[in-house]
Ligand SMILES: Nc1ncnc2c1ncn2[C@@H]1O[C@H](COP(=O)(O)OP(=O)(O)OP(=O)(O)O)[C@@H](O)[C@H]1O
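The chain below stands alone and is given as structure tokens, in the form predicted alone.
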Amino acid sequence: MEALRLEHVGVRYGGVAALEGVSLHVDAGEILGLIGPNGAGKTTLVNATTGFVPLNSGTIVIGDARLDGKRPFEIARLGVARTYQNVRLFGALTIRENLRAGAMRRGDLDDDAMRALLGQAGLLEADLDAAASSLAYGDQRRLEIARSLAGTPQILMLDEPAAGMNPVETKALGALVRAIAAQGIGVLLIEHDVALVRAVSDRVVVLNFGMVLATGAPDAVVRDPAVIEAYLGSAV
């Protein structure tokens, strides 16, 4: 069952095509890795899906609902959640208040539900009343994921979640991503850490110059000569 589908999506900034004819889908419970060089259009794809930039062509659908043309809060209510390249918590608010903000789609959370979300993200010992900004960087990343999960999304889009993490944190992140998908949530994972993408993804899509260069099983994609030439430099 598909959680998300993009069909022939195009986005232009002035005369520059950031995305051109991009089609892909993410199934419920699937982890789709999205890789490619800087400037390939990966974050533009997330921004287009979540309503932050308009489409010039194509359609984006979750379930039987069209997302293109809707505003970000409407898209969030339909079950699309995301994180950002740079952590975007409400730093002056508490962990409790951040989780409540993420849960607006489904209503308020009690402390037990909040603890369950934090435990899933590896933050079981966090003080709900501590300021989000007081957390270490890796924990802020995990809180941002927990906040995204608070709204019970159908699709979760993770934009470079391993950025700035050490190997131990990255390994824990991989386990968290797999656990999220095991709940039936479709995950779109954008990452430059190809080892992480290869370890957790069911399929991988490669973008280059705003177009799909390759798609398929992780091991096959990272050995594709066109992908090696455009992005990897050598087989991984």
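Heads up: residue numbers just count along the shown sequence, starting at 1. What you are looking at is a predicted structure, and each value in this text was computed from that prediction instead of being measured.
Just so you know, the form predicted together with the ligand exists too; it's not on screen, but the next bit is about it.
- Every residue of the trio 13, 42 and 192 has some heavy atom no more than 4.5 Å from the ligand in the model of the complex.
- Residue contact check for residue 37: one or more of its heavy atoms lie within 4.5 Å of the ligand in the model of the complex.
- Residue 133 falls outside the set of residues with a heavy atom inside 4.5 Å of the ligand in the model of the complex.
- Contact check for residue 160: a non-hydrogen atom falls within 4.5 Å of the ligand in the model of the complex.
- Contact between residue 221 and the ligand in the model of the complex is not found at the 4.5 Å heavy atom cutoff.
- The stretch in contact with the ligand in the model of the complex, judged by heavy atoms within 4.5 Å, is 43-51, chosen from 198-206, 43-51, 165-173, 57-65.
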